[in-house]
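The chain that follows stands alone, in the form predicted on its own, written as C-alpha cells.
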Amino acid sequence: MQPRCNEKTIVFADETFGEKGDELILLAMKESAKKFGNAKYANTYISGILFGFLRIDKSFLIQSITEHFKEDEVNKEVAELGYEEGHKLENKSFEKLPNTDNELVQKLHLMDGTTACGFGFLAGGCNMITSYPMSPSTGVLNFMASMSKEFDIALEQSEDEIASLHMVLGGWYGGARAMTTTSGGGFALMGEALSLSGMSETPAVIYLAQRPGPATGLPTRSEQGDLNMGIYSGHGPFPRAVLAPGSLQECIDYAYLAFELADRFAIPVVVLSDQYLADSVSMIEDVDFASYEQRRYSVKTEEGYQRYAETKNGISPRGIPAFGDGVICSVGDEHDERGQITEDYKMREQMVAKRARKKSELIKEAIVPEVIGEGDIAIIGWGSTKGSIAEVLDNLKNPRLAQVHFTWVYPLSKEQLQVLKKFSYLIVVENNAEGAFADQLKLHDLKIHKQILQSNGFNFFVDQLGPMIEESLKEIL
C-alpha cells in the first residue's frame, strides 16, 4: 500500500497497528468497542468515526443501523460515540465534500454486481437455476435462492458442474428458462454440455464469473482471463453469444438480454463477470423492471412437426414436449430435420449450413460499443474495465482520448468494427496477460497500436492506469 500513498492519503488504523504518522491516524478501535461488551462493534465504531471526520449527516448512518440491527440498540450508541470522536479529528488535507442532495439520495440504491445480475436474470424470466458453488459466481446462486421465496424458481445445488449445465438443458427442453453459474474451473467441465446445446439447438444461459487461473489460481481475486474459453469452449462449430457487462445497469440489461437471445436463437449465451464486478458496491437509480418484456419463442406443435426444420435464417421453431400434437426429437448426434440420427453427408452439410445461418442472423443483433469522447485515440475496454477507464480519462482531460466500451464481445459485427475505424490509434486495456479481446479485434484486420495488460489478481486502479495510458501515448505518438 505504501507506494500508492501521497500527501492527500489518510489511513485510519487501530492503535496497535504502528506508530502515528502524517498520513496515519491511530484510534483505539478495538478497545472502544470492547467497552460495549464485544469487539464486533469495531466496524460500527469506525463507521461513526468516518461520518464524523467527513462531516456527513449522521442520520443516514443511524437509519441504516436501525434497519440492519433492529434488536441491537448498542450499535446506535457505538455509532454515536464514533461520530463524536471523528468530529474532533483534524481534517486538514481532505478536500471538502459537496453538499448532499437528499432528494437524489432517496432515488439511489446501493447494490453490487452480483445482485444487479440477479435482478437482470429475474427480469429475463429465469425460473430455474442449477449450479455447483464456485466463487465468485456463488453470489448469484445465493441471490436466486433468496428470490425463490418471492418467485417461482426451481433451484438445485447439483453434484458438479457437468450435471449443472446438463440439467439446464433439460430445463429448457421441458419449457423452463434455466441458467447455471460458475467460474473458470467449473466452466471447463461444461464443454461437452455446451456442445450438446449447440448440436441439439437447446437454449442455455451460463453466468461465468472470472477469477485468475490456471487451475485454482487466485480463487478470491479478479481477472478477465476466460474470454477465449467463453468463445471457443466445446467441440465443433455452433453459434453462441458472449456478453460482458461493465456497470450495474449493464448487469441488469445484459443478464436480461441473455435469456432473450438464448430463447430466440436456441443457443448458449455466456454472461461474463469477474470478482471485481461481482463484489463491487456502487449506486444505481430506480430501475423500471416493467419495461423488461419477457417474450417466449417456443411454439405449439402440430402433427408432422420437424424440430430442425430448414428456415431462411437457420432458426427452427422450437417445440416443447406435450405442448401441441407434434413429436419432439432432440439429439446430440447429427440429425435430419425431424431429429432422427443420420450420417448422411448431404444432410450433415445441410445442418452445418443451417447452424451457420443462425450465427449470421445472431450477428445482426450485435450491439455497437459505447463511445464517450470526440478524440481520435480510442481507449478500448470490455466488461469490468469500464469504470476505471472512464474515471482515468475524466482525470486526464486529454481531448484526443475517447473511451470505447464493448459489452457485446462475441460474435463481432461489421457495425461494431466500423466504430473503431474512425480512430487514428487503438489502445486496448484488459485485465489479463495475453490480450484476448485485442486478439479478437486483430482477427478482423484491425491494427492495435498498444495493449495495456494486467494479471496480478487486481482490477485496474485509477491512479495506476492513468500513468499506463500516458506512457502508451508517448510510445505511439
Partner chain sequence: MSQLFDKEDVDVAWCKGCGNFGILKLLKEVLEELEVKKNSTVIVSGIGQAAKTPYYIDANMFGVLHGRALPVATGVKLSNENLCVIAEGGDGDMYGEGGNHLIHTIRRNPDIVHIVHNNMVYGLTKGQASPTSQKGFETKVQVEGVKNEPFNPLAVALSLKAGFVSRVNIGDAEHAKEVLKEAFRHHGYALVDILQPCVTFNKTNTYHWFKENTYTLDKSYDAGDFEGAVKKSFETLPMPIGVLYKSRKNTPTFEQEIRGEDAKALHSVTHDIAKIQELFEGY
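As the structure is a prediction and not an experimental result, all values here were calculated from the model. Numbering follows the first chain given and starts at 1.
Keep in mind the form predicted together with the partner chain is missing from the figure; the text below concerns it.
Interface residue among 363, 163, 315, 390 relative to the partner chain in the predicted complex, by the heavy atom within 4.5 Å criterion: 163. Between the partner chain and the residues 374, 302, 103, 150, the one pair within 4.5 Å by heavy atoms in the predicted complex involves 150. For the three marked residues, 137, 185 and 206, no heavy atom of any sits within 4.5 Å of the partner chain in the predicted complex. Figure note: of the listed segments 218 to 226, 353 to 361, 115 to 123, 377 to 385, the one touching the partner chain in the predicted complex, with heavy atoms no more than 4.5 Å away, is 115 to 123. The closest non-hydrogen atom of residue 340 lies within 4.5 Å of the partner chain in the predicted complex.
At a distance threshold of 4.5 angstroms between non-hydrogen atoms, residue 333 is in contact with the partner chain in the predicted complex. The shortest heavy atom separation between residue 400 and the partner chain in the predicted complex exceeds 4.5 Å. In the predicted complex, at least one heavy atom of residue 157 sits within 4.5 Å of the partner chain. Contacts of stretch 106 to 144 with the partner chain in the predicted complex, defined by any heavy atom lying within 4.5 Å, are made by 108, 109, 110, 111, 115, 119, 122, 123, 125, 126, 127, 128, 143, listed in sequence order.
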